[in-house]
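First, one chain by itself: the form predicted on its own, in structure tokens.
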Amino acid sequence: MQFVEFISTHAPILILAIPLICAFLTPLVSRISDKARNIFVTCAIALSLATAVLLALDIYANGARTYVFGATSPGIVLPSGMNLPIRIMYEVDGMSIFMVFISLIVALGASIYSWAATDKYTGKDRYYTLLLLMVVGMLGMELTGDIFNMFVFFEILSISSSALTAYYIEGDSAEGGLKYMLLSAIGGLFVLIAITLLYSQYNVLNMAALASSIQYTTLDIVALGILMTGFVMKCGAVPLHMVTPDAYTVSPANITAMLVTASQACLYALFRVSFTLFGKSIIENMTYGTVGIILIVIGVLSMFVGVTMALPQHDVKRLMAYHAVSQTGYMLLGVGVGLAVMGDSSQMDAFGYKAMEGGIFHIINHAMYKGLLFLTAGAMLYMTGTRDLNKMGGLGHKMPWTAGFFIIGALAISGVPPMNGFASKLLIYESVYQFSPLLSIIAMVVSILTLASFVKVFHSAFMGPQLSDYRNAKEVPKSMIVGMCVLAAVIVVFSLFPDWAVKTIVDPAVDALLNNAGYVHNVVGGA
């Protein structure tokens, strides 16, 4: 019992510390055997996920958790009179733990998938170390209550993601990794400039302390705009989406699935800044409509541009990459509508809350089905050696598991009932229609075009006669099937029990975003 109590007490830091410590132990474990290393990495992620579940149960029962490590007071006063802050605070609420689940579930599936997918490549010690550091970067952004700490983890995520994007070192992978690194560097610079503007005025970096101090000056508005720009760059939304297709296309399929969750960690940062850091000031200054409209416009552009660019593609991973851009638009649209009416309680009760439910629910749905689709694309590449749909055909005869997983993912992303994608999109359709019927119609048209696109992919890759080049093709190794099965299982559960998913994990996430005062009180009021 004491051990369980210790884990529960220190869960916020253990979730992060487990993969971080294991990242540096991975090369040592690899000296035993490759199999031991693979199992070690997967167990590290699974243990972190189990710790997250334990923490989630406590949060859902007792509310948000504030975890402090370092000094027990805000800082130490030096002889010169200077106050030296030497502590870090983690603030874990319903939204934070929701994002942690997404990151770890996809990472678990991707790590198992990697066992066979990377078997023929060298440098696997570095690969698995970077994979764990990529997980650390995402978890750190999602758990921290300190905006500079968020920037640090943003950089860890960017560096590890860029290196893994170029892991194959063949074709255009180096170019894709370089482009992703450049985008990340620019986005990180934007975030750092915004942090500098805020720190220069308020002399604090804790988000709750900043939220309680912000005066919404001209510099604050500039900082908000710069922060939004920096995070939009990394979440792959139009008009800053240019690098996303290039990076997603050339990276290993299991890493592409992780890049999806990396983009969502940045989407989380965008929402956390908009609602928690600036939410009170935005409402008091009656600019919630303007900020919400900005997110809505970015969302609609992402939906439309992404799907129209996907339709003519013949490279299966590039096609899916553009759909990742498109699906991000649904999340921005739903949450944007909620933000646009946040100051009007009647509209929030009528449709704003439901719009945010749809947008937040779509985050986890998208991570699961888009991650699964990228893994199926990797399976096709693994057996055929090509991403060109024109050179595939009849793979369903030899790869029934992959074909089945592709169907699950394709139906989910297209919003076909009763799949989980339909559940979140329906919430968005109904609520957004009350805000603007035109926006709801655009969202439905995009779903129809998405279905048409994936019908084309299924017909080209899995149906028809087997091409002579692939008569010896067979199903991918079992570890790759298990990796795909992890994500498919979540999709099936959410498809069968969408109401349970919304009430259990989505509503606490929405409430956490909207409860700006509660977030501030947990840290400032209780520190």
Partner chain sequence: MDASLTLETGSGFWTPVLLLLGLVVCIVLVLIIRAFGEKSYKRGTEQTKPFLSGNAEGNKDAMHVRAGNIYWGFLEALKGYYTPTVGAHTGDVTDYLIWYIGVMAVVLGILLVGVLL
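Positions refer to the first chain, counted from 1. All of these numbers come straight from a predicted model, not from anything done at the bench.
Just so you know, the form predicted together with the partner chain exists too; it's not on screen, but the next bit is about it.
> In the predicted bound form, do G225, S460 and W500 all put a heavy atom within 4.5 Å of the partner chain?
Contact check passed for all of G225, S460 and W500.
> Considering non-hydrogen atoms and a 4.5 Å limit, does the partner chain approach N390 in the predicted bound form?
Yes, contact at 4.5 Å.
> Residue-level contact is defined here as any heavy atom of the residue lying within 4.5 Å of the partner chain in the predicted bound form; does P312 satisfy this criterion?
Result yes; P312 sits at the interface with the partner chain in the predicted bound form.
> So in the predicted bound form, does any heavy atom of Y322 sit within 4.5 Å of the partner chain?
Because a heavy atom of Y322 falls inside 4.5 Å of the partner chain in the predicted bound form, the answer is yes.
> Taking the partner chain as it sits in the predicted bound form, is H366 near enough to touch it, meaning that at least one heavy atom pair lies within 4.5 angstroms?
No, H366 stays farther than 4.5 Å from the partner chain in the predicted bound form.
> Let me know the one among T308, S436, Q215, T386 whose heavy atoms come within 4.5 Å of the partner chain in the predicted bound form, would you?
Selected option: T308.
> Only one of I407, I186, I283, M444 gets a heavy atom within 4.5 Å of the partner chain in the predicted bound form. Which one?
After the contact test, the surviving option is I186.
> When the partner chain is placed as it is in the predicted bound form, which of 328-336, 243-251, 108-116, 207-215 ends up with heavy atoms within 4.5 Å of it?
Every other range fails; the passing one is 243-251.
> Given a 4.5 Å distance limit between heavy atoms, list every residue of 445-464 close to the partner chain in the predicted bound form, or none if there are none.
Stretch hits, in order: L449, A452, S453, V455, K456, H459, S460, M463, G464.
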